[in-house]
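Considered here are two forms of the same protein chain, supplied as structure tokens in two stand-alone entries, structure 1 and structure 2.
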Structure 1
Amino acid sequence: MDLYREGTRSISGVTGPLLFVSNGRKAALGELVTIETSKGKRTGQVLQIDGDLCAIQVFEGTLGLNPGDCTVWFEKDVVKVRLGQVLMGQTLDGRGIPRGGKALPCFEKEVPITGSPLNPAMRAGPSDFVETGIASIDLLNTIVRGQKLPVFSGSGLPANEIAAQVVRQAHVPGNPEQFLVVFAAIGITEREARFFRDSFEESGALFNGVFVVNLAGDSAVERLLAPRTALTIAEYFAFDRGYDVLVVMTDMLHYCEALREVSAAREEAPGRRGFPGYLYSDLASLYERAGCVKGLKGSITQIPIVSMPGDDMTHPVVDLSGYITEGQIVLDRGLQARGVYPPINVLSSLSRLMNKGIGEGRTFAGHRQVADQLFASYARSREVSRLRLIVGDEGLTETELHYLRFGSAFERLFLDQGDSALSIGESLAAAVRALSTLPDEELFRIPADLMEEIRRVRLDR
């Protein structure tokens, strides 16, 4: 780095997380700055330059910052994170510095956290089945290595538990290597962070994982850095070191709220619910950092958790996440109330890359048809139970009553698996048991050999 640094004391104002410097002529967009005060140092980044006036977002926040007591140093560098094998097992803050400690002394390289877009012509299509051990995911919303699949969750629903369960159980069958977990805590509470830490400790993910932690009490601006730091680390392990990396980011809603805060301070025109108009592109710059690359061994699979305020799927953060990611796992309050765990609403959930990872040689022959049959039948059973509220049992036909029975069998025998891990074969067996409650003519999507199986189960009952 340059020995010569530019400093200035002409601070013209402070608004929200922003600091304005009035002779920032020499600054570059995105440049890292150090703010020296008599009480210590803070860091920030140049957001905007208008002639002499330069807007800086301060990572630690501006609380207690006195414009008369600041010297701003331009560092002639952008925000970077230090990378190396030593990161394994570390807990870092949002900027990639070991929490409560000093920047890593020995590292392999230093890389800007904004990353560069992956060349779409150089990606390799994700296609390896990941067994999560959760039947409603593996059989109906199959994840593949390199996919980005968020969990949408209303408040009080067990998104964290499910994410932890996936981290504990996920593996690519036939591939002995485990995922390396990069976990980004974004504005979550101490309690939630502790839950993840304990669960990862139990499963061993703690020792071969990296934790980037920005808690609710930490600065909101640093929240904007945390996922980028985590993803830069993930890219290093995946594409430099060849690991299969599983990135869990929680909670993307807090990230977007921090973005809104900075946008408001910049007096940008607000979009839906006050979020800036570029929310889509900004989120995409995170979510798109998942995938596989031609000719390289590693991969990045992302499971972001997105809270749904008021269970509203049309909330801009949820909606835009859905538009960017490759499907979604949606949690359902009704299932939770009926005591089903994990309460995954399979109808509104979707894995768009599912077809790449299933079928003969991957999961089992006929996987698609079984899944289609389960979707269609369960959708019908939900309809019938709505209808029943109006016309009562007497108004239902024989067939409709079959569907009611199927609906509850599906929830009880298939969805409600609890904490356990099911192999894909066990998940299929559970599905067959549920399907056997329907008469043959309703199961028109099922291939012949599985039909035999279903009839056998029906007889055994």
Structure 2
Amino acid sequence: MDLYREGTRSISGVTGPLLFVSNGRKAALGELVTIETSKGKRTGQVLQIDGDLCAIQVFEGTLGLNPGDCTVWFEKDVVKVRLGQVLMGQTLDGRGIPRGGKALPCFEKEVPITGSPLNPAMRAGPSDFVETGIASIDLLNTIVRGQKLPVFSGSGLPANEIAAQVVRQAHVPGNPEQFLVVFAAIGITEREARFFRDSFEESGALFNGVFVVNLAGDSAVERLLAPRTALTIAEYFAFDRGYDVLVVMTDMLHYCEALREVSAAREEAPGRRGFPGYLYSDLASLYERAGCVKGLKGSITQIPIVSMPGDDMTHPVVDLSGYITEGQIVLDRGLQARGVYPPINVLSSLSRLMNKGIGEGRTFAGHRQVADQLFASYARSREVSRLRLIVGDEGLTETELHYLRFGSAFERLFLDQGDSALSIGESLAAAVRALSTLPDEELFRIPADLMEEIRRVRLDR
């Protein structure tokens, strides 16, 4: 290996997480480097080449580096992750190295983490329902195998708790043995890491998934690698091993802020709110690695979690994530204040592929009609609640009072399920109980067989 290495001591400067080398003509974009100093070694990756000036992102950070005491060796290799069945139950850092210092006992192959979006011509159409155990997602914003559906969360809302719940409960009905979760924690605190670890150990999910953890104290450069490492592992299990893989990534805002930090160190022209102008294409290079491939059994489904600073849906990271993906799940501060968990605002949420994975033979006959009725009725109840503030109960009609009662029942009986897992049948039963508070003439979207069930529930109350 040493025969092919190129070394230089021509260090022209250090800025943020970047080291600049002025004699890097033989370097290649993305190439690994080793930085030798009198105090030890660090590793990095070639980020940019401009003539003979080479920008290197240092994985361990540049704090304490003295340019006069550095020798940079170009390794003629790129960042790779080791893949194999042995990864099951492993907790890795952002570069795919097991946390705790123990090397993988064996592996099948090493591949670059860069990856690429799936070829549109090779994509298979989505058709299978992914059950999360959360009624407001499964019944109203159904996730389909191969979909990418982000969760948008304001500060202080329980996005981490919902992420952990999805990891514990999610599966593809009829194929639970070939279902795997790859969890990528990006820029989280030690406290959050302990929460996830304890939650996954308690449920047993820790031993049936792969976990990539990048802590807030780790380098920003490694933060850029963590989701790519997770997706490379997911591609191995999905397309080599035939698993249906669910990739949960939290928090994509931290990833984008690390991208902004590196962009600023490169002195690139900033875009909206200081984020680089290529933020859209960079996010797309991650999100578009989800999907199903023709002729292959496995699939990759993504649930990226994105924090909304100031609950701002127009924030660039939130806005662009919504453009690239197939819908969104939005957490609501008002529901949380009313004690509803999970506080999912179903009226602001959307799954654009929902119709591909529901109906007879997948979930249940009449799923679309029930979902439409719940959406319409809950929207009407929210309108009546606002009207009530103006005219009081005395100014409302009998029908409007029914909708007020439905809104309360819908939040109490359907949305507020706690951390328990509900099957699609149990979610439907909760919806039927809520709908039974409305008179028959308002349930014009409900199929006849379900109307009979609603009337029986109404009589039993």
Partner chain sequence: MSNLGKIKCLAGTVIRADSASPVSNFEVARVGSERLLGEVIRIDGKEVDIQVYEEIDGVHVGEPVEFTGEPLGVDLGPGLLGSVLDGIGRPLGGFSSEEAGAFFLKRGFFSRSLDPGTRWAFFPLKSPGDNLSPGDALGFVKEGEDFKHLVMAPLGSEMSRVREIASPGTLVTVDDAVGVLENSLAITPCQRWHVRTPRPCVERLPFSEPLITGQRVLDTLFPVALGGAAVIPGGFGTGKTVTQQSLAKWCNAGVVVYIGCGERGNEMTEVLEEFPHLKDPHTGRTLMERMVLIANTSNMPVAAREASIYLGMSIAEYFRDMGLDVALMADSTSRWAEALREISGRLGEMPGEEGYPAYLGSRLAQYYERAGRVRVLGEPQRKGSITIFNAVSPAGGDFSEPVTQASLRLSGTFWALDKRLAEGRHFPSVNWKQSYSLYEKALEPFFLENLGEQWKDCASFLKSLLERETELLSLVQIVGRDALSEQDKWDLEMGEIVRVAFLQQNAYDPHDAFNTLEQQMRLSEILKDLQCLVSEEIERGVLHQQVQGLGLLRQVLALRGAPAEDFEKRSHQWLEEVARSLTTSEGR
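For clarity, a rigid core is taken as the largest C-alpha set superposing within 1.5 Å between two forms. Please read these numbers as outputs of a predicted model, since none were measured by experiment. All residue numbers here refer to structure 1's sequence, counted from 1.
Looking at the two shown chains, say which is the form predicted alone.
Answer to the question: structure 2 is the form predicted alone, whereas structure 1 comes from elsewhere.
If we fit on the core, is the Cα of S436 displaced 2 Å or more between structure 1 and structure 2?
The answer is yes, as the C-alpha of S436 shifts between structure 1 and structure 2 by 2 Å or more after core alignment.
Does superposing the core leave R266 with a CA shift of 2 Å or more between structure 1 and structure 2?
No; R266 is a residue whose C-alpha shifts by less than 2 Å between structure 1 and structure 2 when the cores are overlaid.
Please determine whether the C-alpha atom of V14 is displaced by 2 Å or more between structure 1 and structure 2 following superposition on the rigid core.
False for V14: its C-alpha shift is below 2 Å.
In Å, how far apart are the CA positions of E394 between structure 1 and structure 2 with the rigid core superposed?
Between its two positions, the C-alpha of E394 lies 4.1 Å apart after core fitting.
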